[in-house]
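The chain below stands alone, shown as structure tokens; this is the form predicted alone.
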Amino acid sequence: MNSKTGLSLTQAPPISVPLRFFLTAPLFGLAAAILFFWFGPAAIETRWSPVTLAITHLLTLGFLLMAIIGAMMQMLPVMVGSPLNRPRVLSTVVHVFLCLGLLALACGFLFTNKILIIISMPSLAAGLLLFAGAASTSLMRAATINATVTGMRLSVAALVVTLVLALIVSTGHAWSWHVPKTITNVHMTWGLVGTVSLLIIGVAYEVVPMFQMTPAYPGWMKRRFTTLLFIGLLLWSALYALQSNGSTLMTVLADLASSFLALWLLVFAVITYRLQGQRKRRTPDVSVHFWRTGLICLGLCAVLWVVSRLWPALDNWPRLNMLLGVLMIVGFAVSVINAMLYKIAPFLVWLHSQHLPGSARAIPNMN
């Protein structure tokens, strides 16, 4: 354990464990970019087009989740102090299942091939459930329950919910069943607000003060923030499902619940942005620019959502959902994950280099 940083560096897994995910994530991001440039405006005309679905899942499953899983496999033993069982085997199996499943899913969407979508389902489910089970076991063994551990636990729980909803939606695509748009929207929200945002918030409590030399997050925020966000997500899901019956009261309550989620995320964005403005290290740092870009996009997304609940003309604008998706996925999540990778990847290479023969004479610095 490093007393200055609180990191259990001696328990770090082999560098191949997280690095396989970190090296694969940009490739899926690049594939999404190529599709976007190839299809042009058609890629953002509607969220339901085959190319949009392919790009969305290449970014969310391919870039975001791949990087998140790699980071968690590194952070669970180092930051939480609870190593995963047989990390080499686990990371290899999870990585193979995810890569094969995602390639099949993206091609299935892109070419409207039902067989590929059917093939993708067991592969993605196996990879994600293996990871969720291993991560949950590790988190339950954590000696100290702090805000980061709580955020990780809730994020893994949200991942399982997202997966179950994804399997329901996928069966609709595969066997041409009618899947209510309600289920698709809940699936998307649990993935972005649940899995991705909860993890980013939980990890931010540690990495923002550590890497950017900022003051610590407020105590009240670390104690309650992620739990309230998760409870709000559960409440919204129930109310949103009930509003499909046409009840005006349920619609109003669902709008209030979704506005709470948006404003709660806005609070995180504002507090984190202010903390970064107080950082002690003033040298230019691209990871800070990534963070600030992401936080601004998250704030814009939250404000747009709340305004759309109050202003019917904006809510009926056909481009609103696409704009919200771009701000949340590319603007916020991709930017913040990039910011973390800019710090985590050099640190892992530096840590690994210390154990190479002759490394004492030529270890580069973190830059």
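Note that the coordinates shown come from a computational prediction; the quantities given were computed from them, not determined experimentally. Quick note: we count residues from 1 along the sequence shown, nothing fancier.
Separately, the form predicted in complex with protoporphyrin IX containing FE exists; it is not shown, and the next lines address it.
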item: Interface segment, criterion being heavy atoms within 4.5 Å of protoporphyrin IX containing FE in the predicted bound form, picked from 206 to 214, 73 to 81, 134 to 142, 163 to 171; value: 163 to 171
item: Proximity of Leu65 to protoporphyrin IX containing FE in the predicted bound form, heavy atoms at 4.5 Å; value: yes
item: Thr251: touches protoporphyrin IX containing FE in the predicted bound form, heavy atom cutoff 4.5 angstroms; value: no
item: 4.5 angstroms heavy atom contact with protoporphyrin IX containing FE in the predicted bound form for His187; value: yes
item: Heavy atom of Asn338 within 4.5 Å of protoporphyrin IX containing FE in the predicted bound form; value: no
item: Candidate from Leu154, Val288, Leu128, Ala269 lying within 4.5 Å of protoporphyrin IX containing FE in the predicted bound form - any heavy atom; value: Leu128
item: Candidate from Leu265, Cys297, Leu124, Leu233 lying within 4.5 Å of protoporphyrin IX containing FE in the predicted bound form - any heavy atom; value: Leu124
item: Any residue of 33 to 57 that, in the predicted bound form, places a heavy atom within 4.5 Å of protoporphyrin IX containing FE; value: Arg47, Trp48, Thr52, Leu53, Thr56, His57
